[in-house]
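Have a look below at one chain only, the form predicted alone, in structure tokens format.
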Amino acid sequence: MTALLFLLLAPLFSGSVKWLKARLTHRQEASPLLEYRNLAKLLSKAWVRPGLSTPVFLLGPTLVLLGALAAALFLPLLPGLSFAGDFLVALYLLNLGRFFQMLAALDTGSAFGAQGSYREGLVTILAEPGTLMALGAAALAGEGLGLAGLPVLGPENALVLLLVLASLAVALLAEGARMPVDDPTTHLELTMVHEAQLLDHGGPLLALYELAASVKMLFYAGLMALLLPGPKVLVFMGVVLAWALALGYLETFGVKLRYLRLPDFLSYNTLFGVLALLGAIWKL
């Protein structure tokens, strides 16, 4: 159910961010629902792939989306899967999809695909340890390693969970390829990360990638919602709305960091994760 909710909500989320950015820059804004029509248009086009590519090129976008939807199944926002350690399974399902995305980009044989895969791999290596430590800290403060046993924010664990939320916020920007880690609208060689891997994709393959990127951001918003008090679905919708507003303002008034500065920014993810883990161990 959670995966289906994410699949339906993903175009509205990305469309709302684009609508807000257009409104903030005084451009004629399109409806937030336009993304549904754009995706339908892409899905109706023919499948095209480079002449020298293999079936990996076609499998990549499909596995990226399936990995993100499978990870969403483990979020207990609505009835879904749950067992001890499921946050590890969910995170590595996302990473499995990313692995096939990098393979599909390399499969094209283009310089841009290789460049984007290298950069995406580095961003993943820098962001993953902090995210794992942050969720491990939340698990230590809760009832076990399962996502269903994560604690909610309260006076007794406020510092630990605020650090976890900060770490997840940085991870969301990296995972979703958003500013200041990446610019989803750029096509400049010096600044492209995620987009460099998608240049040879079009039609249904590009639609799958765009859906997967939004579903991954909703997954991290769902993780944050689990740590906040209140009815989970309502809290999740509030977190999604807050992120749509934050991304709209950040990408209108902010700038993308230089690639060489990304390790500095992503080190905050690790720092928050380490501090949260130390705080959780201290309270045991």
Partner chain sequence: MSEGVMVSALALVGASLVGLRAWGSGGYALLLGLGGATLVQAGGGMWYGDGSAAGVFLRLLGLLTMALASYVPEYLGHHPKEAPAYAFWLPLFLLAMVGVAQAPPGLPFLFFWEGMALLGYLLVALEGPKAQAGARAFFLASRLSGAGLYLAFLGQGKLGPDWIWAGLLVGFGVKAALFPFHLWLPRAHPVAISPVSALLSGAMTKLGLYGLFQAQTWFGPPPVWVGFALVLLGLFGAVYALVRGLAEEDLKGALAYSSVENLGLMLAALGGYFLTGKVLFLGAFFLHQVGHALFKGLLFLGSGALSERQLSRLGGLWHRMPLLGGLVLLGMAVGAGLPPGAVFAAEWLLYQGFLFAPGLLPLGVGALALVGALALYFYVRLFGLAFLGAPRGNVALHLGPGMRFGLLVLAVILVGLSLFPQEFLRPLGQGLYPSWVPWGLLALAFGLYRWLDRRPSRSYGTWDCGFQPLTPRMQPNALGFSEPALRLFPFLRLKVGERPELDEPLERVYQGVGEGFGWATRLVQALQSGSLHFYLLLQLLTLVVVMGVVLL
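Since the model is a prediction, treat every value here as computed from it, not as a measurement. Numbering follows the first chain given and starts at 1.
Keep in mind the form predicted together with its partner chain is missing from the figure; the text below concerns it.
K.L.:
Taking 4.5 angstroms as the heavy atom distance cut-off, pick the stretch from 64-72, 211-219, 227-235, 244-252 that is near its partner chain in the predicted complex.
P.N.:
Going through the listed ranges, the match is 64-72.
K.L.:
Its partner chain is absent from this chain, but in the predicted complex, do Leu58, Val89 and Tyr118 each have a non-hydrogen atom within 4.5 Å of it?
P.N.:
Yes, the whole candidate spot contacts its partner chain.
K.L.:
Report the residue, out of Gly149, Pro184, Pro76, Pro204, that has at least one non-hydrogen atom within 4.5 angstroms of its partner chain in the predicted complex.
P.N.:
For this set of options, the contacting one is Pro204.
K.L.:
Give a yes/no on whether Glu175 approaches its partner chain to within 4.5 Å in the predicted complex, heavy atoms considered.
P.N.:
Close contact is absent here: in the predicted complex, Glu175 is far from its partner chain, nothing within 4.5 Å, heavy atoms only.
K.L.:
Considering non-hydrogen atoms and a 4.5 Å limit, does its partner chain approach Leu188 in the predicted complex?
P.N.:
Looking in the predicted complex, residue contacts with its partner chain do not include Leu188, since no heavy atom lies within 4.5 Å.
K.L.:
Whether Met133 contacts its partner chain in the predicted complex should be assessed with a 4.5 Å heavy atom distance threshold; does it?
P.N.:
Taking the distances in the predicted complex, the answer for Met133 is yes, it comes within 4.5 Å of its partner chain.
K.L.:
Mark Met1 yes when one of its heavy atoms lies within 4.5 Å of a heavy atom of its partner chain in the predicted complex, and no otherwise.
P.N.:
Outside the cut-off, so no.
K.L.:
Taking its partner chain in the predicted complex, which residues of 92-126 have any heavy atom within 4.5 Å of it?
P.N.:
Result: Tyr92, Leu93, Asn95, Leu96, Arg98, Phe99, Phe100, Met102, Leu103, Leu106, Asp107, Thr108, Gly109, Ser110, Ala111, Phe112, Ala114, Ser117, Tyr118, Gly121, Leu122, Thr124, Ile125, Leu126.
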